[in-house]
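What follows is one chain in structure tokens, specifically the form predicted on its own.
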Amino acid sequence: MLFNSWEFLTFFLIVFTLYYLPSRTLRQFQPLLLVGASMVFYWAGVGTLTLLLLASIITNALIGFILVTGNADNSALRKQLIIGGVVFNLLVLCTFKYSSLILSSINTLAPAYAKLSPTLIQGVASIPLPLGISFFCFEGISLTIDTSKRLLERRLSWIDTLCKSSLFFSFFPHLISGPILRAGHFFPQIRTKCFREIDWYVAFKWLTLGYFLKSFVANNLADYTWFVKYPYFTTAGTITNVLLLCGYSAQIFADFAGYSFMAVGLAELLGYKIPNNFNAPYISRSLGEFWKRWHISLSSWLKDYLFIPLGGSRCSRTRACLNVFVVMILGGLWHGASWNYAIWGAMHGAGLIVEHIFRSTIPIPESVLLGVGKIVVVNAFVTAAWIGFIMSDVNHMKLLAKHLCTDFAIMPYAKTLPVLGYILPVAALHAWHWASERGLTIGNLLLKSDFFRMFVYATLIFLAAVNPGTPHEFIYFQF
């Protein structure tokens, strides 16, 4: 069920009504109601693969329970449990997401006499990909590691641990779209919620902005950006293809951020605070800043559970650069079981390394003009790198890159001109953040006006309602 569908609206209204029934006795079971509703929500998308989510919940909850209650004070046993928890989640992720890529890559590199059976390859390729598997497997790893560090409350019974873990993993506002939650932040929030505690303005703000970005911006841009895929881009000139790449850059932000904003708003209505996953990433003046603003929960997860354990930057420059490169490649593969995502990650890794070397050897003075120039350069790099998302074939990526540099058409196709109109809201949102972060108070003064705020929100709702675009699945469903 898409968040911006009538089916989900009906589902949520039913859950919301039952959740806030006036009976105190029933309110004690709010967490269990949410777990049940989340399982129904997930079952509607994946069917019997919900059993995999249940198995993951039970296994991670059991490991966490033993670790957090101190029943594994023996250091050797604790180490085995931690390794077991991490390996379990990685095995689940590799089996259902990466097994086909691994076997096909082995088959490509193997000599003719050692080729794997085509039947085996096809059988593995037919394994279904559960929605949100990358999210709940990473959350499982973080739960194991955080409990091993005693970052969670210790005095929980097995039933309490299982119930809290079930809600932590399955909480439907974030289950298939993120952000990646941390148990230390979510567990303390699990308690009885009251209707009067809802911050209606916060929920309305996030839901309105998210619905607008997903329905009006992302869905409409998706009706045009498909033209930059192979072989369609070969019939267009440079200006058209560059415009479509910029459109895709705006689309993937509006799609992912829009869904994340809706998740924050839905969680608020249910009494839970989940972190915002995006903070105007396209006003970043460096790639390092971009990754602090884009998919924040993944960036922080990779930093805390992968980059720092590898040694982080507390080592030689060569080792630190290698750590960055490896982390970014793995971060790219997190997005999809295809080598084009690894190439995308490698591009960002290489960009971060070059940026670090350049900044450490050639200091650049700060100014507004130079800051704007940096934003342009970063966006040009990020937009070009999105080719790794659009093209699954490396040869097609090369062909598009060559086409962009050789076919300098003067005018774009007329049917691509609406892309500029749908990019405009994303540009306006980022311009607003840019001005606010630099102390320009005109926008903040306007926002203090209730009339102006309601006018803006009413406009967003109107545009999304009258022109929602062709419904498209959430881009990150495949990740």
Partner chain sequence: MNLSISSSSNIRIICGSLLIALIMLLSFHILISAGIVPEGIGETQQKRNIIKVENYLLPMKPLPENVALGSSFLENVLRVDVDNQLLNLSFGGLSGLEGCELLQRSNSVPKKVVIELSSALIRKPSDIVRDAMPEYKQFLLSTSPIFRMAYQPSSILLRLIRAAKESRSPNQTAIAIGRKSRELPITEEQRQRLNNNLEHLKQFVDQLQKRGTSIYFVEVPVDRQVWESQYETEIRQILHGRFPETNCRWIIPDRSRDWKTSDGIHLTVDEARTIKRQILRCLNLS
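As the structure is a computational prediction, the values presented were derived from the model and not from experiment. Residue numbers count along the first chain shown, from 1.
The form predicted in complex with the partner chain exists for this protein as well; it is not shown, and the discussion that follows is about that form.
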Answer with one of Phe135, Tyr224, Phe187, Trp334: the residue that has a non-hydrogen atom within 4.5 Å of the partner chain in the predicted bound form.
Tyr224
Residue stretch of 337-345, 226-234, 137-145, 366-374 approaching the partner chain in the predicted bound form, non-hydrogen atom distance within 4.5 Å:
226-234
Is it true that Lys273, Trp291 and Ser392 each have at least one non-hydrogen atom within 4.5 Å of the partner chain in the predicted bound form?
no
Would Thr459 sit within 4.5 Å of the partner chain in the predicted bound form, counting heavy atoms only?
yes
Exercise: Ile353 in contact with the partner chain in the predicted bound form, heavy atom 4.5 Å
no
Pro418 within 4.5 Å of the partner chain in the predicted bound form, heavy atoms
yes
Is Ala465 close enough to touch the partner chain in the predicted bound form, meaning at least one heavy atom pair within 4.5 Å?
yes
Can you tell me which residues in 189-203 come within 4.5 angstroms of the partner chain in the predicted bound form, by heavy atoms?
Phe195, Arg196, Ile198, Trp200, Tyr201
